[in-house]
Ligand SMILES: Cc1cc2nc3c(=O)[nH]c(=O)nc-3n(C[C@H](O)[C@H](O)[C@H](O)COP(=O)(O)OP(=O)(O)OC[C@H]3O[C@@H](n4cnc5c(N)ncnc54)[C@H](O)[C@@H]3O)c2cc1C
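Here's a solo chain for you in structure tokens, the form predicted alone.
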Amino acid sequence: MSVVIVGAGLGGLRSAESLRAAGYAGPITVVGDEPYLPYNRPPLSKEALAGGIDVTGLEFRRKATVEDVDWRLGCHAASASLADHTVTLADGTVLPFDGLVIASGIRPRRLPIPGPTEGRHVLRTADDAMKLRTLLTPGAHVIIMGAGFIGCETAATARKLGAKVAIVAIDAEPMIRPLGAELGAGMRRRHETHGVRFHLGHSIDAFSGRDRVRSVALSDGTELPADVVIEAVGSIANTEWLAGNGLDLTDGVHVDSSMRVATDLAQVVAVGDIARHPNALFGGIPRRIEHWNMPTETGRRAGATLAALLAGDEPSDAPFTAMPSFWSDQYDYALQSFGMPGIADRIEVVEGDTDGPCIVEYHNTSGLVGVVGIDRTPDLIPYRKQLAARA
């Protein structure tokens, strides 16, 4: 019996550890497209970007149970045949498997905007951050496409480093999807206090410059100088290598509550950002949830599921009830959330106001579905318990 894990991030690591904890003692091979062991990504847009990137310092601690894992790093999976139980790498290596863990994650979305490509950057990997760190210098004109968390966190870091920052987004307010308009506006005002300029409700129509991007043209005709462009306009699930196997790849990889992929061809599970899974706390609708804690939660469940399947046993059919959570540090503001604020249809500021420390509740017809606090992290614990009680 052998297991191949495609994806050397947190989800892949936790899956390997869970397989061992559940009694699987056979070979495990982990494939990763980066040359690094699993490391922590959130600091890449915050403290690590500001202070310099040391990948070894960002590595996750690995349990002794996975010391014998075969790490195939710096080479991505090109294709898979579930019928043949094989994964083929970009260098032509063919890896046979009895069990497969899909942990290939996501990549930044790139928009087809005319103009030069030199000077356009994304921030997903340690190498991305290393390159950007040399460019975020005092006085540099930095244009950030997108006003989500990555864009806003990077804007805060760039301002701390002395760059001149403008955020361009089609949204009405930054981080509006998870936070709502009122709290998003409060975060915008915080950024504006620190010198960030917003061009909301607009897109970038073109990049200008002969050898590299020198300026950007907005949809309203405004032209902005640009030394650096950072694209943070969402993500795409890395599913291309799975094509041709009859899987539901509509938005990531569809799995059940045990993280098992629906196929009769092989024993397959999926974890992390790529897994579209149900959560019984929030109606059981399959969703991809790109929060930091979900690779750990789904990896634990998937490892136990795959170990049971390989042993000829039935995996647990208990509902999956992991609590989604996220945090974001922007300047000296600490934003923390539990639940799924993005599915709310009613938002209420229950303590404080959105220009200072506050707590915001998010509701739909089923009741409380999420909470966000700014500089109120300790006060959110009762909310976490209330949300967990939805099970």
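Residue numbers run from 1 along the displayed sequence. Here the structure is a predicted model, which is why all the values come from computation and not from measurement.
Below, we turn to the form predicted together with this ligand, even though it does not appear here.
Taking the partner from the other structure, this ligand in the predicted complex has a heavy atom within 4.5 Å of a heavy atom of residue 291. Though the partner is left out of this view, residue 42 does reach within 4.5 Å of this ligand in the predicted complex, counting heavy atoms only. Interface membership of residue 202, defined by any non-hydrogen atom within 4.5 Å of this ligand in the predicted complex, is ruled out. Heavy atoms of residue 333 never reach within 4.5 Å of this ligand in the predicted complex, leaving it off the interface. In plain terms, the part of the chain that comes close to this ligand in the predicted complex, with a heavy atom within 4.5 Å, is 324-332 out of 358-366, 339-347, 324-332, 63-71. Contact with this ligand in the predicted complex, defined as a heavy atom within 4.5 Å, holds for exactly one of 77, 183, 309, 95, namely 77. Contact with this ligand in the predicted complex, judged by any heavy atom within 4.5 Å, is made by just one of 267, 257, 238, 235: 238.
If you take 247-286 and check each residue for a heavy atom within 4.5 Å of this ligand in the predicted complex, you get 271, 272, 273, in sequence order.
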